[in-house]
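Next up: a single chain in structure tokens, the form predicted on its own.
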């Protein structure tokens, strides 16, 4: 059995929804077992829903009505474009109208109260998947494929951390096997709303960033599936962003750990949270292109291919390097811990850490949007030490970026860092700071932001990733 997730661009129009139905039908024909289909909202819809709810909370009663009308037009157009037969289309239009009326009434209530709770935001932002799942189900039925809509609130049980809920695996496993397996045994394709779950009490929640991918891997783990296929609009995981490196290639095979590193350092691939359910059970994930379904894409599994040594290069922009400097830090225990606790109190995340061997300097990288609050919090923490001149300064260097070089094959191989440094030196790029994790899967470098694209290109050329990754 295969669990297949289709992203927002894959269901972004009626024609693409019809393509999703054809892909599911082909899998059913070739494998003899219906796939479980998990769908995102149509591209851009969730952003519009969030904007409707947030503006309603500020007292705006106009924006959410405009968005409601835009959603009605877009989904009606999609119904006409994806080949849904007339009888199904009439019922589907009525169902969508009911859901949009519910959305409008909820936004009106939010506006009246002047408050948007996390629970309320989850209820609104989940609507996009509920709409697209209905269109996908109807498209399957119109192509002669037995299909059944399944609201994920009936299947995925979560805690009550609204906005970023975590699944309760035992409860979800029981429900998934109770609800989905009988449909599959009857030859029916279950179409499940991605991104959404519900508490034990049945209150709707959402799963946060990468939520629809997460839905697919949760279900893949619980059923369990043979594989999980993530359908996107690119040919799998690339050696670099093709907008920066035009000759970037698709990586054939990569490990869970390598994907986690790439995701953490800015690549638009599977979120580490998404990988965790399937990694625990050793279930492979394929990243595929819904517009080119015959392309093999990328296989993500427990053990990636040993070659090439470097698999991919990625970058995070809009960062700041925070430095804590002072001769009085040398040999004093707890300085780093206090600095990091101060960062935590400012609700910021540290992306990279380095420390000089003399212990007179600690550097860490945060997002620039968090930098002012972080600097203020660290200065407050070390106010007494700065007064006594044990710490000379807490400073922020903005407009920097992290370039990450990722590959499990780097482990134990000498000379990787030297090659990266030489490649950057040859194009005149200065490295501000470096770090490497104990796993040796990732070498991270801080450079000035204006240089990061050229740094990625130079490193990509150095390791000949345009030729090695096929």
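Quick caveat: nothing in here was measured; it's all calculated off a predicted structure. Each form is matched to the other, and the largest set of C-alpha atoms that superpose within 1.5 Å is called the rigid core. Positions refer to the first chain, counted from 1.
The protein also exists as the form predicted in complex with adenosine-5'-diphosphate; that form is not presented, and the subsequent description refers to it.
Residue in contact with adenosine-5'-diphosphate in the predicted complex (any heavy atom within 4.5 Å), chosen from 320, 111, 232, 172: 232. 236 is the sole member of 204, 304, 277, 236 with a non-hydrogen atom lying within 4.5 angstroms of adenosine-5'-diphosphate in the predicted complex. At the 4.5 Å threshold, heavy atoms of residue 13 stay clear of adenosine-5'-diphosphate in the predicted complex, well away from it.
Taking non-hydrogen atoms only, residue 372 never approaches adenosine-5'-diphosphate to within 4.5 angstroms in the predicted complex. Residue 9 belongs to the set of residues with a heavy atom inside 4.5 Å of adenosine-5'-diphosphate in the predicted complex.
Although the partner is absent here, residue 119 lies well away from adenosine-5'-diphosphate in the predicted complex, with no heavy atom inside 4.5 Å.
Comparing 87-95, 144-152, 264-272, 172-180 against adenosine-5'-diphosphate in the predicted complex, the single stretch with non-hydrogen atoms within 4.5 angstroms of it is 264-272.
Fitting the two forms on the rigid core leaves the C-alpha of residue 264 displaced by at least 2 angstroms between the shown form and the other one. Once both forms are fitted on their rigid core, the CA atom of residue 316 lies 2 Å or more apart between the shown form and the other one.
Core-superposed comparison between the shown form and the other one: the C-alpha position of residue 16 differs by less than 2 Å.
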